[in-house]
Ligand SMILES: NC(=O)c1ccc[n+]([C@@H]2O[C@H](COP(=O)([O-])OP(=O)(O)OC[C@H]3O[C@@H](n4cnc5c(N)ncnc54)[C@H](O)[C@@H]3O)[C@@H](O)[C@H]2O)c1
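Read the single chain below, which is given as structure tokens and is the form predicted on its own.
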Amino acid sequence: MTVNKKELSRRQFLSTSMSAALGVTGYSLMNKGNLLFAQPVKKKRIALVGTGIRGSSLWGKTLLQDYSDVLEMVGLCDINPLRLEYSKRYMGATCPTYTDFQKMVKETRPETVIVTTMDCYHAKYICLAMEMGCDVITEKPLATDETMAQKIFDTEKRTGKKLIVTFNYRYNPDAVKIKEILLSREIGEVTSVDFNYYLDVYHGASYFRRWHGFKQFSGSLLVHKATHHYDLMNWWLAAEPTEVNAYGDLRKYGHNGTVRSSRCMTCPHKQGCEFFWDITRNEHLMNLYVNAESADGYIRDACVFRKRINIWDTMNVQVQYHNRVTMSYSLNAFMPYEGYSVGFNGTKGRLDARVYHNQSWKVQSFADFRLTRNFKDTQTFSLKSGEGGHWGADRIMQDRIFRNSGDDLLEQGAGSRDGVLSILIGIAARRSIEQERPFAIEELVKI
């Protein structure tokens, strides 16, 4: 049969147009002879372990609402059965629920497991999932100590399964612009970096109300929160850390309070405490946590001045990289505003960025840039963030993961090596503070 070019062009156009339309509805095109047939796309089977605030929303409700054409949620798991059942209703899920992770994997046979548990349990479920034949998508941080990090690395290598770490910060417009400018070599070769991150008295305080206030659960903010920042720097510089020296102190929260109670909801000092937080005003958090307390005793609105808090709220870290770049980093958790400032010193100039974040992750933030080349004028400009979760980055990241959308030209996708290198800076910083000495990365994990 002879097909002319006009007919071929028409057929290609129809095929492309239909493929684009069917991609949204969960169908793909199959060519049989000279006819095109629509066939259902095989959905990826996913299961979720950890149904707290992040799991039930970003990796639960959002996936079911926006990716149900390519994903099938086959199981939910949490150690708290009350939270688990509420989260299932909140997500709009129809799959079975489990408090036994291994039973869930055996019975539901997911291809991919999403891990959004308390940080100190990430390694446990990542390794179990891979050993049971599943790929894994995990929230940061990958783990909270060096032993866990080594186990994850070894398990991935042994099983051959794929691990994705969800560093959504890499997809923010400000982070992307910094990466592009550094790649352009407009400031030459980077020699050193000044990086300061500010958590405000709302967001910063929230970590001290929750389980994050204890090193044994979160690894401290040097791991839980700063992992994001270390990963950004590793990615921006395309470099790997070699040595860390750090200082940390608890200056505002914990034992520094003059009055305290077990929780805000029943606190006798609520009228005079500037950190009083009324959880009863949030119906979702009441259902997710307060109404589930009887199952595990976890209190979501705990006092920020509990004397048992053992993480730091004031931290300074120096990092040496394999390419001789040095970074000075600080993290403070009781500032009047939120965001970061970063300055890259190069052999041909300097790049400064000042990023201002709103309290809501769904409200736009903005960034001011200053690019100065040696012996030349300064260029200044501003950028707005995207809209939606984590300033628009969440949707871009999830599209990349679940729809393979766009070429990864900037290498924003992150795997186990990225996850390990980011947490090792925080772990080394914690060890440095505790032992009062610099820590070499090679002392911790063999990569």
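The first residue of the shown sequence is 1; numbering continues from there. None of these values were measured; they are calculated from a predicted model.
Separately, the form predicted together with this ligand exists; it is not shown, and the next lines address it.
Undergrad: How about residue 372: is it within 4.5 Å of this ligand in the predicted complex, going by heavy atoms?
TA: No - in the predicted complex, heavy atoms of residue 372 and this ligand never come within 4.5 Å of each other.
Undergrad: I'd like to know whether residue 183 contacts this ligand in the predicted complex, with contact meaning heavy atoms within 4.5 angstroms.
TA: Flag for residue 183 set to no.
Undergrad: Give a yes or no for residue 119: in the predicted complex, does one of its heavy atoms lie within 4.5 Å of a heavy atom belonging to this ligand?
TA: Output for residue 119 is yes: heavy atoms within 4.5 Å of this ligand.
Undergrad: Using a 4.5 angstroms cut-off on non-hydrogen atoms, would residue 54 count as touching this ligand in the predicted complex?
TA: Yes, residue 54 is a contact residue.
Undergrad: If you check in the predicted complex, do 208, 219 and 247 all have a non-hydrogen atom within 4.5 Å of this ligand?
TA: No, because 208, 219 and 247 lack any heavy atom that approaches this ligand to within 4.5 Å in the predicted complex.
Undergrad: Could you tell me which one of 277, 86, 214, 125 places a heavy atom within 4.5 Å of this ligand in the predicted complex?
TA: When this ligand is considered in the predicted complex, the option within 4.5 Å is 125.
Undergrad: Between 159, 80, 196, 112, only one gets a heavy atom within 4.5 angstroms of this ligand in the predicted complex; which residue is that?
TA: Spelling it out, the residue with a heavy atom inside the cut-off is 80.
Undergrad: Choose one stretch from 166-174, 342-350, 314-322, 126-134: the one whose residues place a heavy atom within 4.5 angstroms of this ligand in the predicted complex.
TA: Stretch 166-174 is the one.
Undergrad: Select from 236-257 the residues with a non-hydrogen atom within 4.5 Å of this ligand in the predicted complex and write them out in sequence order.
TA: Nothing in the stretch sits within 4.5 Å of the partner.
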